[in-house]
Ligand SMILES: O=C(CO)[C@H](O)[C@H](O)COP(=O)(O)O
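Below you will find one chain, with nothing else, as structure tokens; this is the form predicted on its own, and questions on how it binds or moves follow later.
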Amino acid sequence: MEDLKQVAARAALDFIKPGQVIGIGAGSTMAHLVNYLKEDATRWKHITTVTSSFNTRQLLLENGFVVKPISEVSKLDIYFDGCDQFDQHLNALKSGGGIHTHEKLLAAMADKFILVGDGSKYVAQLYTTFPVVIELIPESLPFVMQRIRDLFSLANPVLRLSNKKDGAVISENGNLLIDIWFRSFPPLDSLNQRLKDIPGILETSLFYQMAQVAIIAGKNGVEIIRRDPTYLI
């Protein structure tokens, strides 16, 4: 039986046109998208790609895609990415990879930000089974931890530690990551700003009202969800 992530990734091909600049995120669904693109020479030979992910970049280069660094791009036609979960308003949490600052930059550059994944990612409202992750400069760690506890009584901030080496996980930008575990989420419409108002915090893993479209695959097939029902794909 075909993996539902593969089904969703294949459906994403319909959105890609020759001549476009395409952003591709991280994870197994994005790897499937790259592999399906490679099978369609009319598309992959005539697009430029940008990615937030080291692994995706390696896969793109190994398969002969044109890959530009993020620093050379200011606009994308489409950015595709997966997520841990997203709600009916397409608010998404992208907490696992720790590269959400680059992912959010690419999502903001894109004319269309499209979430791609299997149906298990789609929930009525975001659950606290995943943390909100923040990237912060190392010098701010004690201050940021205390400020989060002061501002959010239902939050437990935890410094992300590496399971491959002794010490903390270091981001692509040389910063630290804190997983904020909420017992109940504060209002999402203000959460990003409240966190980013804390000096030292660079970005959060909550993608609030950024995606326009989601492609999900479930037992009943592929479903295309628009944040705004009137949005033209």
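Note that residue numbering follows the sequence shown and begins at 1. Remember, predicted model here, so these are calculated numbers, not experimental data.
What comes next is about the form predicted together with the named molecule, which is not displayed.
- Checking 102, 147, 112, 121 against the named molecule in the predicted complex, a heavy atom within 4.5 Å turns up for just one residue: 121.
- Comment: 26-34 is the region of 26-34, 63-71, 166-174, 185-193 lying near the named molecule in the predicted complex, near meaning a non-hydrogen atom within 4.5 Å.
- The closest heavy atom approach of residue 157 to the named molecule in the predicted complex falls outside 4.5 Å.
- Heavy atoms of residue 96 reach within 4.5 Å of the named molecule in the predicted complex, making it an interface residue.
- Contact between residue 83 and the named molecule in the predicted complex is found at the 4.5 Å heavy atom cutoff.
- In the predicted complex, residue 227 stays away from the named molecule, with no heavy atom inside 4.5 Å.
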